[in-house]
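One chain comes next, on its own, written as structure tokens: the form predicted on its own.
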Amino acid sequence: MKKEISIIGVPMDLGQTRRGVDMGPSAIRYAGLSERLENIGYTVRDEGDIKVEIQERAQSDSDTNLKNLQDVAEGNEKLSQKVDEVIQANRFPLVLGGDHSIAIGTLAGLAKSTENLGVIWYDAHGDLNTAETSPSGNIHGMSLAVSLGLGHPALTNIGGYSPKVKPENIVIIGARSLDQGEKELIREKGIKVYTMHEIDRMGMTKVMEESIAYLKERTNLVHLSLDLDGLDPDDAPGVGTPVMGGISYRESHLAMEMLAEANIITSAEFVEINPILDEHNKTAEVAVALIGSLLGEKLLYGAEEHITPDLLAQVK
């Protein structure tokens, strides 16, 4: 079986209020994503972009503090359907954001195929807020909570079911900016989190070894949701919510390489690239390099057997 990847762009910037992140998919494509993947042996199909309504300014829902609720929900419903379509075609979904609210639709599309979807949330933030705990009303800070079944029904019921993921099937890596409500939810649900303290103290190798072993024990498929603000702003400056003291470029490559060697990732998304805030498309180029490592690119060898027929068959 050929190793087949479907690229899905989601030019969504409605999950937050800083404009520009809707150009992220174009920036990643411009940085040579398809060519890079083809060079390491993949067959790449670019599915184009999910149509997202353009708003002049953030619209707050009249009954909640959630911004652009209806448009975010509609965009994610379309994404959910597209991801499910790609899964049913036995292809690897590679989703390009857009802000991190698009993870709502990605996970909704993926979880239709398994009751034990695993999620690696590579991010400076937990994205575990709800309308009651969010200080901003920005839905990109709620996407993981929504996927746990917590939040507005217009979001939690995308795909026609809820929840999409179990708390014990999540690993957050790189957290260093958590709101109080998120901290309480993490403790309440027992979500596994490696903050920057653990990464600094244990080293990325140990963090990834533990994360891989943990998810292998309890999940069937594993999705990587990588927010570029998980990296330090020196390495990835083009993000809307940068947080100092993040994961380094080299540590991130190591993490991706270890995931490739473990052969557990069955889908991925890369989000929150804002070309307006970037330096000569640096952050998009970082994303493309990390995607290459995730999918098996090595200094001396190609992807080899990263996405095997057996792994793809698990999706069906």
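Numbering starts at 1 and runs along the sequence shown. This structure is a prediction, so every number in the text was calculated from the model and none was measured.
We do not show the form predicted in complex with a small molecule, though everything after this point is about it.
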Item to complete: Have a look at 148-156, 135-143, 68-76, 81-89 and name the one stretch with heavy atoms inside 4.5 Å of the small molecule in the predicted bound form.
Response: 135-143
Discussion item. Under a 4.5 Å heavy atom criterion, is D179 part of the interface with the small molecule in the predicted bound form?
Written reply: yes
Worksheet entry | Partner contact for T106 in the predicted bound form: the small molecule, 4.5 angstroms, heavy atom | no
Worksheet item: Looking in the predicted bound form, any heavy atom of S225 within 4.5 Å of the small molecule?
Response: no
Worksheet item: Given that the partner is absent here, does H125 sit within 4.5 Å of the small molecule in the predicted bound form, heavy atoms only?
Response: yes
